Structure formats: C-alpha cells, structure tokens
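This document opens with one chain alone, in structure tokens, the form predicted alone.
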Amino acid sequence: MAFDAAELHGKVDWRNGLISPEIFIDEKIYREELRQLFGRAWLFLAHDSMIPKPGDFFNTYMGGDPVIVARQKDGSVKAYLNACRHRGMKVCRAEDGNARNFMCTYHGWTYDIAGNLVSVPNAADAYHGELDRSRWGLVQVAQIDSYKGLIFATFDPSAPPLLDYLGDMTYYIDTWVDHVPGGIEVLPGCVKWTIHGNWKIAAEQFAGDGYHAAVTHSSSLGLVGEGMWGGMPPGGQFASRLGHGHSFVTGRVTRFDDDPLGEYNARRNAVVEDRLGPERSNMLGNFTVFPNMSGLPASANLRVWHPKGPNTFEIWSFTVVDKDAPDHVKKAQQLSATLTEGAAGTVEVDDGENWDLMGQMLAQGHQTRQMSWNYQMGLGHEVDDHPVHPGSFNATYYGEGPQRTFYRRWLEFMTTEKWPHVDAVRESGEPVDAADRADTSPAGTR
C-alpha cells in the first residue's frame, strides 16, 4: 500500500498537542522516516576526539544505513556507506580502529581510507582490465561538517549548512562542549543496547520531559540524591523551531547531593560562568538535537537513538568528560555515568522499562492505538522574546513545548518533498531564497 503523507496531518496535531500513537508503530511511516527524515536531516556521526589520527575510523549509522566516518591523511574527515559497490556487503565490521584499507570479505574488493576503490581481485583476467575503479568507490555522504568537534553529515546535497540547521541550539550546545577552555573529550568505548519501542519516544523525552522524573525515577534518584518529587524544581525549557529541545533545572550542576566531584565542579563552574555568563552555569539539563542525538551533560552522557524498525531502536551511549580534567576526575565521571545512565544504570533501567512496555502495548493492541496522546502541558505559555534565552522559552521546568516542536518539525520533514525551511526568515535573520523555501503543502499520495 502506498504511503499517504496527507494522512499524517491528521495524526500530528501539534497546535493542540494531540499525537496519534500510530506514528510510533506503523511500518509504512517508519520506512518513510528512513527516506524523508534520516535521508535529509543532519545526523551526528562522531566527535573529533574519537578519531584523532589519520586512518582512525568509527562505524555508525545514518538511519538504517551503516556509515564509516574516517580521519584522512590531511586531517579532514570523510564519511561513506559501509557497503561494497559489488554486492553491498559491509567492507568493515570492526566498531572502530585505525586502517589503511577496508576489504570486503565476500569477493575482496578493497577501498582506501577515503573510500576509493583501489583493488579488485582478477581485475586483469576476469574483468579484462575494463573495470573503471574510479567510478566504483564507496558512496560518500552529500555533506559533512562539524560544530566545535561534533561531526555531522547529511545524505541531502540541498540541505542548508550545519550552522543553519542547528540554529539557536548552539547557545545550549556550548554549555557542554565549550564551557571550559579545553572543550570536551569522548572517552573510548561505546555502550550499546536494544529497546523494543520507538526511537521518537526516547528523543522527545530528552528534548523536554522533566515531568517523568519525579515518578519514573522516584526510587532510583532517591538512592543517589534527594530526588525530584514534590514541588516542581526551578528551571526552564527551550524549544527550537527547528525541532531541537533543551530542558533544565537551575541551581545545581549534578543530580547528586554528595557528589564525589564536588570540588572539581565548584572550580569548573566559576570558569563556566566567566565564559558563558550566569544564565548558563549552575544548570542540570537534558537535550535533543533533532532528530536523534541526545544527552545529559551533567551526567557526562551523550547518546544516539538508532532506529532499527518501527518498534525497535538501539541506544549508543558515550561518556563525555572535560578534555583537560585530571585523570581521577575523568574516571569518576565515567563511573558515575555508567552506574546511572549505562545499560544497567540505576536511572536508565527505569526509562527502558517504560519505553519497552509502551512498545509492547502498541504492537499487541488495537484500541490502544486509536486514542490520541496528550501533549498539552504548558500549551500557549511559551514566549519567543525572552531577554536571555533564545527560541521559544518556557520559564518552568515542566512543560511539553519541546515535544510539540519536535513533532511539528518531524511532520514537516515527512510531508514535504523539498527541504523544509521553516519560514521566510532563517533564525540567523537572513532571508530565505524563494527557490529554497519548502512547499509546505502535503506531498500527497506517492
């Protein structure tokens, strides 16, 4: 059955905060996500510190497609499909490492670190010297760029520059990648685990759902601190028109009452306030860079939600530390992140249980899929002209503005054929050329 993009407008009523759960379980919608969203959005690949030397590579995914991101001899970075041009077999099955070449283990086609086809078995006697190797290199991403060490790529040559894509989100990204002079470092190792649910549920939670913490994490947070139940803690929420979101409480930089890194954090926070101002220090927050990169900076945790089907996704979790921090501080941050946000972390398992049970209900039920989910918290109470915080801002920690904006942006990607520029004026203030502007009418049945 053909995918009907027009029907999605009836399933995502972001203006009134009503979302159909069909978008989390429908196979046709998921397949279209891979094409319309993951085939066009800028997606996080890796951090500079993960591939510091020429020949270093990291294997990841862009949507459902395996991608190698690799440091080149001249220091630049390339990314290309991890799929041999002969039969589509992976040319590299290691998670990361350093290499000069990648050889497909099916027929032996071999590519250099830039993705060029450099060797084919029996090129002379079977291909009779007629195979043009220059035409059969690995498929490169259309664009690749980085922001302060964070490497992103897109398959869409018409996508706007990365800075335009991030927009006002850079104001908040700086609080965790540029808060100290040396910046950040991603420690070796990536912890991966699978959840039987939809990736958007996790991404929307990290964009702005502080509301769940008081109930979902009541027991686990009580083990490591005072918890968050009772009255709503002071804080705020940022919702980007571009789909990004950030939610934070103020007056603390860690969830622990007796943090083993207290002395280090106190010294660091003075530096943060000097570099970024008082509004962006003393924050404990979580974020999502649309669509599937999220993190908990105060818990040293960065993660990517990799979709593996309408009701399955993988969590790839990284530990992020200050690059110039003492070794004992880095170890303490890694231990803290592992024990709380790792695959079996005291906090993480609470979320995984929710996401998995929701996935079971949507997969097995019928009536459960017919009702609309409510995303109306704080509807109409955001401001777009806050004197300090850019974007749409909610001056309370609990609200669902970031989630509504997330699904508004998702809907735009899913229902437009041209790149969905948000309006006639970019967030940078520069006008958008008419030729670049999206046709925001439904794409129709295709």
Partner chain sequence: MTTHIAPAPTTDAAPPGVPAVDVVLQFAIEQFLYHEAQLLDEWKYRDWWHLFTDDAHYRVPVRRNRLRRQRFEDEVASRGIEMAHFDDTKETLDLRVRQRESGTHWAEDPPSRSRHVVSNVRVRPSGAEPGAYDVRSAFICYRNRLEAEVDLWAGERFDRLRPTGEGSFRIADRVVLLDQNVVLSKNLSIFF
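Residue numbers count along the first chain shown, from 1. Every value quoted in this text rests on a predicted model; they were computed, and no experiment measured them.
What comes next is about the form predicted together with its partner chain, which does not appear here.
Among the residues Pro161, Pro121, Gly365, Gly189, the one placing a heavy atom within 4.5 Å of its partner chain in the predicted bound form is Gly189. Of the residues given (Leu335, Ala126, Val139, Met371), Leu335 alone sits with a heavy atom within 4.5 Å of its partner chain in the predicted bound form. Heavy atoms within 4.5 Å of its partner chain in the predicted bound form are found in exactly one of 176-184, 195-203, 276-284, 75-83, that being 195-203. Each of Ala94, Val215 and Glu314 places at least one heavy atom within 4.5 Å of its partner chain in the predicted bound form. The shortest heavy atom separation between Asn98 and its partner chain in the predicted bound form is within 4.5 Å.
Using a 4.5 angstroms threshold between heavy atoms, Leu339 counts as touching its partner chain in the predicted bound form. For the chain shown alone, Asp168 is not a contact residue for its partner chain in the predicted bound form, no non-hydrogen atom being within 4.5 angstroms.
Interface residue remark: Lys148 is not counted as part of the site for its partner chain in the predicted bound form, having no heavy atom within 4.5 Å. Within 4.5 angstroms of its partner chain in the predicted bound form, the stretch 316-330 places a non-hydrogen atom from each of Thr319, Asp327, Lys330, taken in sequence order.
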